[in-house]
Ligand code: CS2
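One chain comes next, on its own, written out as structure tokens in the form predicted on its own.
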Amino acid sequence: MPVRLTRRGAPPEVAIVHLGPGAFFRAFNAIYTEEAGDWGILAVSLKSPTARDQLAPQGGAYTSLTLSEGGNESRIIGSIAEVLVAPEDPEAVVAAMANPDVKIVSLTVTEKGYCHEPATGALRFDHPDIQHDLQNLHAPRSAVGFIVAALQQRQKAGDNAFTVLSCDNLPSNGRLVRRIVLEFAAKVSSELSDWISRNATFPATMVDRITPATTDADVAALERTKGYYDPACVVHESFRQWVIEDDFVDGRPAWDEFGAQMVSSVEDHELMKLRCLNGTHSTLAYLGYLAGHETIADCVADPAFAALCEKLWREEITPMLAEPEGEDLNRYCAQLMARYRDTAIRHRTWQIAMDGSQKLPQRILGTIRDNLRSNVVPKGLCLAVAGWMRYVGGLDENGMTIDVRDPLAARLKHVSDGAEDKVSALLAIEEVFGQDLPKDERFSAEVSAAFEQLVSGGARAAVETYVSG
């Protein structure tokens, strides 16, 4: 049996509960918190026991692997004190969050974890987890259910509220989580909703670090070089950026002493990142996958796809952005391209393509709307939407099955398979495209034309046509 990584020394006292202890959280939030010291984290998995099964035998410790073409670096992170699996004992999770020693409840639950309509931001009261939680608030399932249940216990005990810190790639994520928490709480009682509104805070954040999925090869390589087995290890690039609105109920770690930017408003920064990085990531994911590129680095090694990114940034994305304080948009995009080209970071197009129905409204459709309001038809971003439509049909350009991972996967395939006009049928999915975009003839016509290009000539040819146009 291989020697397993184990914690050295006692874990820090828990002051943060984090919902969603996946790879990004371990490659980002937990490292900043480790550096700041003294703030222990209770990590809660809302669905799968995988993180607990990996971390518990190691006392919560794990290895952070920084990948770069110049050589890899590793360090052991010990900020996670304990891991719980919510479905196994939801009451214990609520009790832990209700403990007044907990100052912050943070989240990386991905877009779908908010149980909201991506096109509007409203909480989906028809979501099965939300329906369950409203009837069983003592044993919730959803992130918003756990937050409201814990805040209700705080209210009843006369304790302070906590700060709710969303760290997901969503525009105005602080306002979004505040909205859905208050909408849910109002269904419980107006007094509870009012108390949360007065006493809890919901600062917005912008997070950025490319974190590919850890592979068996990564775990094996770590064991060869370091002499221990760590299935919880995470791999990531060296770059990181965390911008946080400094609005905390009861203190916070000294993240700013280790590179986090504390600001009064994060809106311009998050929009820059969401549209420049995430928007082109999703574009490369769909079109690159269809063209046979496995990773982002593979995509931008192809001159046509590198030019695609450059043209999107120059003509369709940055003209619609306000330049954030302390940033230069042209320099930022050049830095993104350098990050994309790093072959040490094997960020798979298939991984980025997951949950597209949730990601598209924030990453791409908002920029399309801004262009259309400026009387510009953004042909490249419309091609990206067409690429998503081709991808969710479930067959690649060689007729091979695509493993589409999306909350709406079955519906998307059914709609795509059953319609003669696939574009119109997919545009009619209101929770993705809203009511406005399908009615805009400029948009629908451009997406239809791009889709036909993809079907007739393939993704690479369509990209070349766009780049040369």
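Just count from 1 along the sequence shown to find any residue number. All values derive from a computational prediction rather than experimental measurement.
From this point on, the text means the form predicted together with ligand CS2, which you will not see here.
- Though ligand CS2 is absent from this view, in the model of the complex it lies within 4.5 Å of a heavy atom of just one residue from 316, 342, 208, 218, which is 208.
- Between the options 277, 104, 200, 94, the residue in contact with ligand CS2 in the model of the complex by a heavy atom within 4.5 angstroms is 277.
- Here the chain stands alone, but in the model of the complex its contact with ligand CS2, taken as any heavy atom within 4.5 Å, falls in 359-367 among 254-262, 359-367, 171-179, 130-138.
- Residue 347 belongs to the set of residues with a heavy atom inside 4.5 Å of ligand CS2 in the model of the complex.
- Not displayed here, ligand CS2 is kept clear of residue 271 by more than 4.5 Å at the level of heavy atoms in the model of the complex.
- Using a 4.5 Å cutoff between non-hydrogen atoms, residue 379 does not count as a contact of ligand CS2 in the model of the complex.
- Residue 333 falls outside the set of residues with a heavy atom inside 4.5 Å of ligand CS2 in the model of the complex.
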